[in-house]
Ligand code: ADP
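Given next, in structure tokens, is a single chain: the form predicted on its own.
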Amino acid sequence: MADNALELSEVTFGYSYHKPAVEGINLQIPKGGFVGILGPSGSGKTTLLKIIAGLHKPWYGSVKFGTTGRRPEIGYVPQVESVDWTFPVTVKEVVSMGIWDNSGAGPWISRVAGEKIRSALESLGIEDYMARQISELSGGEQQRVFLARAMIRLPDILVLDEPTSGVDYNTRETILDVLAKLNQSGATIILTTHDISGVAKRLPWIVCMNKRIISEGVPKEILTNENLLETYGLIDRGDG
């Protein structure tokens, strides 16, 4: 049996007393897995990712990592809509924040760090944007910058909140291709999505949730009308 990257046991958490956003979550994600968490807005997907990333501590239950229980390197990519982009900062500076704590002394970006930043941006097709202000970019471009910031740390687990939401087809394909390559190199990938046809059906493993786990497994077995009805409250009609 493959080692688990993380295991959640009876995890419950909310933002107001007696009103949990996620409840009784039991989930095992194998090391090197590529998992999509599918559900509608308000279903607790973002909350679950923040618990995994260590941004929230569960009310009840536990989150364990690997066989040692020590927290691995985790890269977290939030939704673009949740970020205030008005701060005057360049793309290069945003990505450098991913390695600021281990890039050496001084407030400048070293040659080695600069090469890593360029390589990460190049893999996402935005290496020419290094000197541009982040506020000048489109939502899809900003999403790729955040992904580059997370990638540059070479995390053991990469956690992404709706990484393809609001982007065009080409950007979506670029992001999915980069994530597949990271996964093939050994990274555990966990992402949320509400895109059934464009994303969920293409992933190796899907978890349907709406505040609790409804079903999980390979897409062709899990994305049934019955499971989607329970997850979304509607029958999938194939329109994504």
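Residue numbers run from 1 along the displayed sequence. Because the structure is a prediction, the values reported are computed rather than measured.
This protein has a second form, the form predicted in complex with this ligand, left out of what is shown; the following refers to that one.
For this session: Please state whether all three residues Ile126, Gly139 and Arg144 have a non-hydrogen atom within 4.5 angstroms of this ligand in the model of the complex.
Result: Contact check failed for every one of Ile126, Gly139 and Arg144.
For this session: Please pick, from Ser62, Gln184, Ser41, Ser197, the one residue with any non-hydrogen atom lying within 4.5 angstroms of this ligand in the model of the complex.
Result: Selected residue: Ser41.
For this session: Spot the stretch among 45-53, 198-206, 174-182, 23-31 with residues whose non-hydrogen atoms come within 4.5 Å of this ligand in the model of the complex.
Result: Residues of 45-53 come within 4.5 Å of the partner.
Exercise. Is Tyr15 close enough to this ligand in the model of the complex to count, meaning some heavy atom within 4.5 Å?
Worked result: Tyr15: contacts this ligand in the model of the complex.
For this session: For the heavy atom contacts within 4.5 Å of this ligand in the model of the complex, list the residues of 184-204 involved, in sequence order.
Result: If the 4.5 Å heavy-atom criterion is applied to this ligand in the model of the complex, 184-204 yields nothing.
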